[in-house]
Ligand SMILES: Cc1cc2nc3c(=O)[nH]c(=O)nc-3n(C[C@H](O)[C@H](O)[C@H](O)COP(=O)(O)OP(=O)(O)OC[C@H]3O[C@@H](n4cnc5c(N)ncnc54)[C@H](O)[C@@H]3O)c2cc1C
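What follows is one chain in structure tokens, specifically the form predicted on its own.
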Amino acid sequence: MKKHVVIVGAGPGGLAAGMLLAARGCRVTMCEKDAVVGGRNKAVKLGKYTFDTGPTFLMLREVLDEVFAEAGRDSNDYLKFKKLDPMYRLAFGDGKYFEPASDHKKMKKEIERLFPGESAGLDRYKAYEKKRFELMYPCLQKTYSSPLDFLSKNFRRAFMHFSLGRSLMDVLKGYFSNERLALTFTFQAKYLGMSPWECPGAFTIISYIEHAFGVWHTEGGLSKIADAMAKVVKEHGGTIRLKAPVKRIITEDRKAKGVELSSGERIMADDVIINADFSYAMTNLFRDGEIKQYTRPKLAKKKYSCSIFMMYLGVDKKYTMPHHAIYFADDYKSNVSDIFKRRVLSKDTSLYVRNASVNDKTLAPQGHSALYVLVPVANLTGSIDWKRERDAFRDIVLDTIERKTPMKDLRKHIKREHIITPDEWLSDYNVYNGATFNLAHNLGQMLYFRPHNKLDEVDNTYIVGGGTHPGSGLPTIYESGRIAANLLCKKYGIPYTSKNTLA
């Protein structure tokens, strides 16, 4: 008899687990509160304009390809991929810009253009970080259910390469003497919930992944990945129920027995996989006090990522700008402190603009653009009143764009607009503290110290998504889905083939 697995939420982690389990013969029922799949990976539609809600960088595409292959499918049959070259533009306050490329020769030439004499550091960076990645990534593929997992051969081999006691900036300045150049390899730290001056040095593997494997776009936006995964789930007989929010996990004798929907309907199952925001799930999907490891007071003490102020702009003009562009605040270090320490709004802010219409004609009408503007801001543990600050901060963002980017006349061309503040991340997306990138990734919240893929206190319950191991970001979220699927199959002796043999 087929094992029945209910998955709470159809985000990228839940979809990865769902397609693998359905392909392996399980009966899969996915319950999604929204009218479409994807969660923070879904599309935002504004008339004839299409945007991605969240992720716009597809890195380490190999993990996605592996998940499709393990579900008996080829990702190229479902998605049109484009590798970006250059990967993105990094612009500084003085008007100078830097365009990293994954091609080693192009990247060295670009370094010499803006930072003469520094390109030899790239050779050292690529050589050592390749070794670090090859040792560390298998550690991220393993599940950490016991402190004894730190004694594994893979972990012991990688441990000496963790750069303990050194920050991301410390490590990068070991390769590049120019601080501005070192900074160009660190902007991803914000999305781990940390300043590059505090983020653990081992996270240089994130920028290495970009430089080694490239950055990809999928035609129609990265939301098309979620649509493709959902299609595979259905092809293997899985069921995806939309507009079906889960009210609670049904438990008995500390075992999950199924879920109860907001409608009152109960769906019984052998196992439950939770793909909701982790801290939201622990505080809303179980009875108060049922999960003693993650009570409300304990969760409140954890460290969380920053939030983001999002603007989705449909404009009746095409701009000569790269697909991805990051504009650093004039005083970047102060801007980072505003976000993570002072938790106030910066007048001098950094921002990211995706101008995907330069490469993808499907996102906007001819001659128009679908612009995605992301501004890192403090999460809701600060005291920012977004009802009061929303419109004024919108103006600051638009002023910054018109001052720093080629879009000098942007306001005149906005035809459609949608904004998401940290308040909406909490109210509309159930994101705890509005912390869009979930729990921070400090060493005290990684590996064994991060929420486990199998919930300790309630049997038959698994966790996927950015709030569990191995962490946030699409590749690691897909990996969390694969880990959960593999653990569940091992429990029941369900045969499977997987590139991840460590879970």
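This one's a predicted model, so the numbers in the text were calculated from it and none came from an experiment. We number the residues from 1 along the sequence you see.
The form predicted together with this ligand is left out here; the points below concern that form.
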Check your understanding: Taking heavy atoms and a 4.5 Å cut-off, does Phe159 contact this ligand in the predicted complex?
Key -> no
Point to revise | 4.5 Å heavy atom contact, Ala10 and this ligand in the predicted complex | key: yes
Practice item. Indicate whether this ligand has at least one heavy atom within 4.5 Å of a heavy atom of Asn430 in the predicted complex. Key: yes
Point to revise | this ligand contact in the predicted complex: Asp34, any heavy atom under 4.5 Å | key: yes
Revision key, fill the gap. Within 4.5 Å of this ligand in the predicted complex by heavy atoms, the stretch out of 409-417, 142-150, 112-120, 303-311 is 303-311
Practice item. Name the residue from Phe286, Tyr372, Tyr294, Tyr208 that puts a heavy atom within 4.5 Å of this ligand in the predicted complex. Key: Tyr372
**Study point:** One residue of Val233, Val272, Val246, Ile339 in contact with this ligand, assessed in the predicted complex (non-hydrogen atom, 4.5 angstroms)
**Key:** Val246
**Study point:** Heavy atom distance at most 4.5 Å to this ligand in the predicted complex, all of Gly39, Tyr280 and Leu474
**Key:** yes
Review point. Can you name the residues of 439-468 that have a non-hydrogen atom within 4.5 angstroms of this ligand in the predicted complex?
Key: Gly465, Gly466
